[in-house]
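In structure tokens, one chain follows: the form predicted on its own.
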């Protein structure tokens, strides 16, 4: 049988997992090509620890080449176009023809969509986390506002974690009583997709950290010279330090190639991750997946954009593609299980987990704060950033055991 070519666009969590899994599942005659514009990979979940000063950038950054399995062809290049009618991807060096395409391009951040927002701090990029760390070290005191500018955004727990870790940073400096911490969001509650009970639990965590929570605040404009936040239908709010979760949008390439819908995100089959185009899959933050229910909040629910889902979706897609190439039935499906570790400071964290595709509503639970959840997140960080060939089976087993102990299937 002639060899097939699988092209994967994007070297984040989903893209790396897909490439490595396919290389494990397919004989060498089949080509696995991973296209990523950056030669270095930073673990986004650890950007918050860079912000808090618990990590240096070098601690959470690795060459992508060290994270891919032997036999994966890594192409460091921009992607200039996707032509699904010809099954071709355009890169710096020319055209790549594919038999199967996996789009894992993530979400793009667009702070320019809110007037005045580009000047704000953010921990959603590594450079932003470094700049924010330096500003927090120099901050003399005053009002700090963490603002979710729009939805959807990556990692639904990150704004809450960020606010609590900033509060903890000032607490460690002995100046918590000189800082007034607030979190503003257009959402009706923390993490609305998880339901009212979990939202109340996160509110309690924020309150215990001394963070004021303000739902229903849609950011309209930032007037930097006045230190003023303008929200739709609300009184302006003054702040001395603004930390923003900028607007997110679907990848430009997806919009230009016809893969995206009118919202700018790529619709996929929730079970198989297939797009409407033959042999084209999409995973992770670039996709949109509607999920059952609306809770009592009467808001439409979509699968959160989070690395844990990209991780699981990558395994499903790799197994389905491998089955098709090997002539076997493609039976693997995405179950919708996910989890989130919510760092609260002081090496304490909460743990939310559940089935986000359950009917009639997602079934999500929250475990109490504990050091074990923080340790689990550290262990995952160390495992993920280890060179692919040196990832220790013991660490892999420890992570798997910890997740399965609370009913979460993981694929490492």
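Positions refer to the first chain, counted from 1. No experiment lies behind these values; they were computed from the predicted model shown.
Here the subject shifts to the form predicted together with a small molecule, a form of this protein not shown in this document.
Asks: Of the options 100, 265, 184, 123, which one has a non-hydrogen atom that comes within 4.5 Å of the small molecule in the model of the complex?
Replies: In short, 123.
Asks: Could you tell me which one of 68, 45, 50, 344 places a heavy atom within 4.5 Å of the small molecule in the model of the complex?
Replies: In short, 45.
Asks: Is it true that 12, 35 and 105, all three, sit within 4.5 Å of the small molecule in the model of the complex, judged by heavy atoms?
Replies: Every residue of the spot touches the small molecule in the model of the complex.
Asks: Residue 165: heavy atom within 4.5 Å of the small molecule in the model of the complex?
Replies: So residue 165 does not count as contacting the small molecule.
Asks: Taking any heavy atom pair closer than or equal to 4.5 Å as contact, tell me whether residue 77 reaches the small molecule in the model of the complex.
Replies: The answer is yes: residue 77 has a heavy atom within 4.5 Å of the small molecule.
Asks: Is there a heavy atom of residue 250 lying 4.5 Å or less from a heavy atom of the small molecule in the model of the complex?
Replies: Output for residue 250 is no: heavy atoms all beyond 4.5 Å of the small molecule.
Asks: How about residue 199: is it within 4.5 Å of the small molecule in the model of the complex, going by heavy atoms?
Replies: Flag for residue 199 set to no.
Asks: Work out which of the listed stretches, 169-177, 217-225, 299-307, 272-280, brings a heavy atom within 4.5 angstroms of the small molecule in the model of the complex.
Replies: This holds for exactly one stretch, 299-307.
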